[in-house]
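Let's start with one chain on its own, the form predicted alone, as C-alpha cells.
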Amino acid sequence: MVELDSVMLSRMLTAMTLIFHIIFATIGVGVPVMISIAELIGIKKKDRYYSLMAKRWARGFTIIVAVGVVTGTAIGLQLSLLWPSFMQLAGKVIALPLFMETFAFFFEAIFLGAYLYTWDRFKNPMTHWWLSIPIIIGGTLSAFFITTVNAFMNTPAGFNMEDGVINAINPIAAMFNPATPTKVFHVVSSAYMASAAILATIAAVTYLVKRDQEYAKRALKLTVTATLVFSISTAIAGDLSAKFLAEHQPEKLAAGEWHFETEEGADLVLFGTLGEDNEINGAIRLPNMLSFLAYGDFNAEVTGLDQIPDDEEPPLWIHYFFDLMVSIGMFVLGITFLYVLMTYIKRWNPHNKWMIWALTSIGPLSMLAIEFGWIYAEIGRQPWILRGFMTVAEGATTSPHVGAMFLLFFLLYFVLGVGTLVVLRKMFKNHPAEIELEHLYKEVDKGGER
C-alpha cells in the first residue's frame, strides 16, 4: 500500500500539473510553425484556403496560450512550495534559464498581439508573415530554456559543492549541461510533430463529417506532410537521446530496456512482461540491436542494472512507457508516409475512409507519446531530483497541507480543461471554413473596389 505522505503527494501534484501543462506547452511551441507555413503558402500560391488556415489556427492558438500561462505559473509556484530544499540548493544555479523562459514568453506575446491585430493591414502581405517569425522564436526559446532546467536535473553541471553548499556557480555551463543538446532537440522536434498531428486530426474529422471538403483536403496535405517531416526528425532525436543515455545515464536506459546484465551484443527487448526474479516473458528480442542503438556498434558493451546500486535503480515499469512512446512514433511515421505516398500515386485515393480514420488518431496518439516520453524521462531519473546530489525525498516539502493543494489544483485544471474545450467548440462549431472563406472573398472584393 502506497503511503500518501508529503513526498508522495508532492510527486502526485507535480505529475498532475506537468501532465496537464505539457498539452498546452506542446501546442504552444508547435502551432506557430504551422501557422507561419500555412500563411506563407497562401501568400506564395495566392491560395485563400491556406491564408484562412493560418487565421483559424491563430484564433485557436490564443486560447491555448492563455491556459498555458496559468498552468506554467502553477509549475513555478509548485517548485517553491513543494520542493523547497531543491530550490534552496539549486535555485540560484537555474535562475538564469527560469528568468529567460519568462522573457521569451513576453517576447512571443508582444509579437502575437501584433500578428493577430494586423491581418490585412499591410500592402505587402509578406510584412504580416514576418511577424510570425518572432512568435516561433519566442515559443521555441521558451521550450529551450525550460528544457535546460530539466536537463540540469539529469546531468548537473556549472557549480561546485562543498559541505552541502553550492558555490563557484557558472550559470552558462549549468544551462548547457551534457543533457541539453539531445533533450532540447527531442522536446522541440516532438512538439512540432504533435502540433502538426493534432491539426491533421482536426482536418480529418472535418473531412469525415463532410464539412469544408476542399479546405480539409488542403489542410490534410499540409499537416500530414509536416507531421511526417517532424516524425523523422523526432526519430533522429530519439536515437541521439538513446546514445546519450548509454553514456551519461546508463541506469535509465537499462531499466527502460530491461537490460539486467552488462554484456556485449545486447538485445533490444520490446514489450513482454516480468515474472519472478525479473524473468522476461513474451517479449520480442532484436539481437544486438540495443548495442547498436546505444553506440552504433552491434557488438558494443552496454551497461546493465547489475552495475547500478540497488537504491539507485529506476522502477522497471518505465519499460512499458518507452515501448508505448516508440510504438506510437512508428505508427504515426508509417501512416503519414503512406498518406504522402498516396498523394503522389494517382490511382490511389489518399482520402479513402480507412486512411482518414487512421489520421483522426495521430493527434491524440502523438500527444500521448509525449506524455509517455516525459513519464519515462522523469521516473527514469528516480530516486534523484538532482542526479547524484539530492533525492526526491530530500527535496520535498514536509507540509501537511499538500493533500488540500492537490484537490484545489485538480479543481483548477478540471475547470480550465472543460473551459478550453467549450470555448474552442463555440469558436469553430458554427463558423465553418467555407462560410469564412466567402466572407474573406467579399472583404477582398470590397477592398479592390475601394
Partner chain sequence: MGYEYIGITVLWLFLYGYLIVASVDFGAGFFAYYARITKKDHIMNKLISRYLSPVWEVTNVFFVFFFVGLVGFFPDMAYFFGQALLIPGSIAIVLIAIRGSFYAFESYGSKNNSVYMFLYGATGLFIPASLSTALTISEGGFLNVTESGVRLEFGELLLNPYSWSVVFLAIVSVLYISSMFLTYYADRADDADALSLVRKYALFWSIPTIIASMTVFIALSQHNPEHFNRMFDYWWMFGLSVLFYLITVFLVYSEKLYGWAFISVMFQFFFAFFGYGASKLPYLLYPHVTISESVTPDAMGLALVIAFIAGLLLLLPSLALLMRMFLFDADYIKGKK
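The structure displayed is predicted, hence computed values, not measured ones. Positions refer to the first chain, counted from 1.
Beyond what is shown, the protein has a form predicted together with the partner chain; the following relates to that form.
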Proximity of residue 210 to the partner chain in the model of the complex, heavy atoms at 4.5 Å: no
4.5 Å heavy atom contact, residue 45 to the partner chain in the model of the complex: no
In the model of the complex, residue 12 touching the partner chain (heavy atom, 4.5 Å): no
Contact flag, residue 427 vs the partner chain in the model of the complex, heavy atom cut 4.5 Å: yes
Answer range among 59-67, 378-386, 25-33, 45-53 for contact with the partner chain, defined in the model of the complex as heavy atoms within 4.5 Å: 59-67
Contact at 82, 106 and 408 by the partner chain in the model of the complex, all three, heavy atom at most 4.5 Å: yes
Heavy atom within 4.5 Å of the partner chain in the model of the complex - residue from 169, 205, 316, 358: 169
Position in contact with the partner chain when the complex is considered in the model of the complex, options 129, 144, 215, 111, heavy atoms within 4.5 Å: 111
Within 214-243, the residues that have a heavy atom no more than 4.5 Å from the partner chain in the model of the complex: none
